[in-house]
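There is one chain below, alone, in structure tokens, taken in the form predicted on its own.
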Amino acid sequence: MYIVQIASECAPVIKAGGLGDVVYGLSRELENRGHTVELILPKYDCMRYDHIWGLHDAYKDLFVPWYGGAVHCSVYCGWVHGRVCFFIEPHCEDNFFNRGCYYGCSDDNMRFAFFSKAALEFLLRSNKRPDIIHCHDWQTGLVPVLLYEIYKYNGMWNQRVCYTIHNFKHQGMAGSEVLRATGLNQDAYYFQYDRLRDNFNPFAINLMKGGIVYSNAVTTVSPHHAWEAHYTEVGSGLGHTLHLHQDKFTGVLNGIDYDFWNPEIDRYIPCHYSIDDFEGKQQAKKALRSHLLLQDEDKPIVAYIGRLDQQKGVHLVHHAMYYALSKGAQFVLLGSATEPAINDHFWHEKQFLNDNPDCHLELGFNEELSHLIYAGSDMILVPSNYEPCGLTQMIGLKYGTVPIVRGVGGLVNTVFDRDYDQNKPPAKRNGYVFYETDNDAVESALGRAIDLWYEFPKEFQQLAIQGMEYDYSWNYPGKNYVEIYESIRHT
């Protein structure tokens, strides 16, 4: 198949979050399976040009219809770690992608409406006719709308769209000006409830809703998150729309890159190890203690790696830190806060615990250090309020670091409680799960993990090894997406 990905990110050249990792990882997996994949991205002024090889003109004079006229664009082509990427650069006073940032501008909805229009115009004018167009999140929600309301009648009648939602909280609200700009001029038609009108604001169109309504297949990033979005408030108001389109909606678990996250080959850890040779993990633990100036005593290390914000259950991170210390464990934290109040709070804690030989708080993010923490820790804590997929727990499993997670989103699909999971035999269980958002809940799971480490160390090591046996690479997601593509190709 010939597949084109249209997205606002692709790691490592454009990366603000997990979306970039998914776009790159899935594209590579699809190519490994023998499919032809190209990516269309905005040409931001602040992207990592050092990750692009052979950047050159691909289409010099692309005129994208916009309001009553057209915007002149240049399209460049380059290779991002082996992936063929096209970058669209508009030449206009709006400077859509010359802002020094990827997101966060007051006209984001107009910026990405333009990008969606320009991506399709480029496919049309360059005579590219992919079997599948795969687009992502609200930024490209207009792609299937424009395809089926305009471009289908200009020669692109045979293309099919798969639309993946990574984050339901950001949906892309806009007014009728987006319709006029992109050529979708019939306000009364698009403001109908069964098309683009927001489910709760009759004066706004919802770009993510448009993507759901007009796509041939809609996915999100884990099976359990798909259920949550459909039936709970996690869908942020789109539950009824998902219900109306439930026959084409499913959850596909993200994967992680085992060329990068793998203790057998990881260049950032002092000693490699595997399921068959687990001794190296003890050396990594020793190196982690040395690096962070923790005392070298026979204790478990509990780690937290990630943002410090409400989504990640920051109140439980704080409580777990002191609970772990009270249970005779060491605690390591690596993360940065997204709000000043949370940042101030954790800086206060860092100063308070500075002389504690069993605790280290690293406020910020350090890629190399994260690898050493995954390898050197015994347990990884993921107490999220909501978590569409989650990569931390999957990385932890690969490194033989037992995950302790809250039972939401993709965490439910990847971590199976050692003591209580009824759907997995004991030999297939790989961690600890709790469900409530209070201190007692996190204590129940973390306490069981620490007790097992102290009282039955061989059983704890066996649990860690059982986690390493799981395959959360892009292998299975790639297979699932190919099946989805095949199912919509001939509809």
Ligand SMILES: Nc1ncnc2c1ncn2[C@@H]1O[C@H](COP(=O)(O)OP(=O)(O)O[C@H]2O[C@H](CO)[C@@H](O)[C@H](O)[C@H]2O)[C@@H](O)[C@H]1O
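None of these values were measured; they are calculated from a predicted model. Position 1 is the first residue in the sequence shown; the rest follow in order.
Below, we refer to the form predicted in complex with the ligand, which is not included among the displayed structures.
Peer 1: Can all three of H166, G335 and C389 be found with a heavy atom no more than 4.5 Å from the ligand in the predicted complex?
Peer 2: Yes.
Peer 1: Hey, in the predicted complex, is E367 touching the ligand, heavy atoms inside 4.5 Å?
Peer 2: Contact check for E367: yes, within 4.5 Å of the ligand in the predicted complex.
Peer 1: So in the predicted complex, is the ligand close enough to N254 to count as touching (4.5 Å, heavy atoms)?
Peer 2: Heavy-atom contact with the ligand at 4.5 Å: present for N254.
Peer 1: When the contact criterion is heavy atoms within 4.5 Å, does M468 count as touching the ligand in the predicted complex?
Peer 2: Answer no; every heavy atom of M468 is more than 4.5 Å from the ligand in the predicted complex.
Peer 1: G17 near the ligand in the predicted complex, any heavy atom under 4.5 Å?
Peer 2: G17: contacts the ligand in the predicted complex.
Peer 1: Find the only residue in Q311, S236, S176, N356 having a heavy atom within 4.5 Å of the ligand in the predicted complex.
Peer 2: Partner contact (heavy atom, 4.5 Å) among the options: Q311.
Peer 1: Considering A303, I132, I395, I212, which brings a non-hydrogen atom within 4.5 Å of the ligand in the predicted complex?
Peer 2: None of the other options qualify; the answer is I395.
Peer 1: Please pick out the stretch from 313 to 321, 114 to 122, 368 to 376, 285 to 293 that is in contact with the ligand in the predicted complex, where contact means heavy atoms within 4.5 Å.
Peer 2: Comparing against the ligand in the predicted complex, the contact stretch is 368 to 376.
Peer 1: Within 4.5 Å of the ligand in the predicted complex, which residues of 78 to 98 have a heavy atom? Give them in sequence order, or say none.
Peer 2: Contacting residues: none.
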